[in-house]
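Heads up, the chain below is alone and in the form predicted on its own; it's given as structure tokens.
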């Protein structure tokens, strides 16, 4: 078995109650990391925390709305008090918001900016000094392939995700000398709870089959595969990888 060197590391996973965040949190915990997960839905958050504990993991569940600066501060404070610091930050919280440009009002733009960009900025601002004191750390910002090559009618998400990719490269360059690596995973079509909600109680597998038609590999990605990629990127095995945007999309992205 490949040792990823994550035993005892402390990770914060935003949007960690379900879907991709849940898969990443469970994978990190399985590798021996101590994990803080945050999300808005307390009951779902606690259920995921219970599953991680049942599997032998060490987890702290913190109900939080990452669009609120005070909640971001509370998550980092609770994590450092419980585990002594932060080594890994996965900025995963977010939801799809895609519409035609003229259909998106100011409030929708601002909401998306707060959720997908400002939340990541605030978490990074708080976590980076802690990582510097610990001699390094790893940050992953979850974005989308649309942040590289936007499709029509894909705002505001395409714009905020592009900003996340830019933030990733800037932070990677600025904090490399502190031993902090920063990368972004650019999602394509990956199975998650968001797709289940879109199915509205219908046949979600039919939704997945339809989505698979757009993917060169002929299927949508699995949440567990996302968790595997996260675990590798934050591990000692990826120590020379920073400042890069990795497409997790089965080949569907228009650019590399």
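Numbering follows the first chain given and starts at 1. All figures in this text were calculated on a predicted structure; none of them were measured in a lab.
Keep in mind that the form predicted together with a small molecule is not shown, yet the notes after this line are about it.
Taking non-hydrogen atoms only, residue 189 approaches the small molecule to within 4.5 angstroms in the model of the complex.
Using a 4.5 angstroms limit between non-hydrogen atoms, residue 18 touches the small molecule in the model of the complex. Although the partner is absent here, residue 92 lies within 4.5 Å of the small molecule in the model of the complex, judged by heavy atoms. Looking at residue 228, you'd find every heavy atom of it more than 4.5 angstroms from the small molecule in the model of the complex. Listed stretches are 95-103, 132-140, 77-85, 167-175; the contact stretch with the small molecule in the model of the complex is 95-103, by a heavy atom cutoff of 4.5 Å. Annotated contacts: 117, 160 and 249 are all free of the small molecule in the model of the complex [non-hydrogen atom within 4.5 angstroms]. 193 is the sole member of 222, 193, 58, 51 with a non-hydrogen atom within 4.5 Å of the small molecule in the model of the complex.
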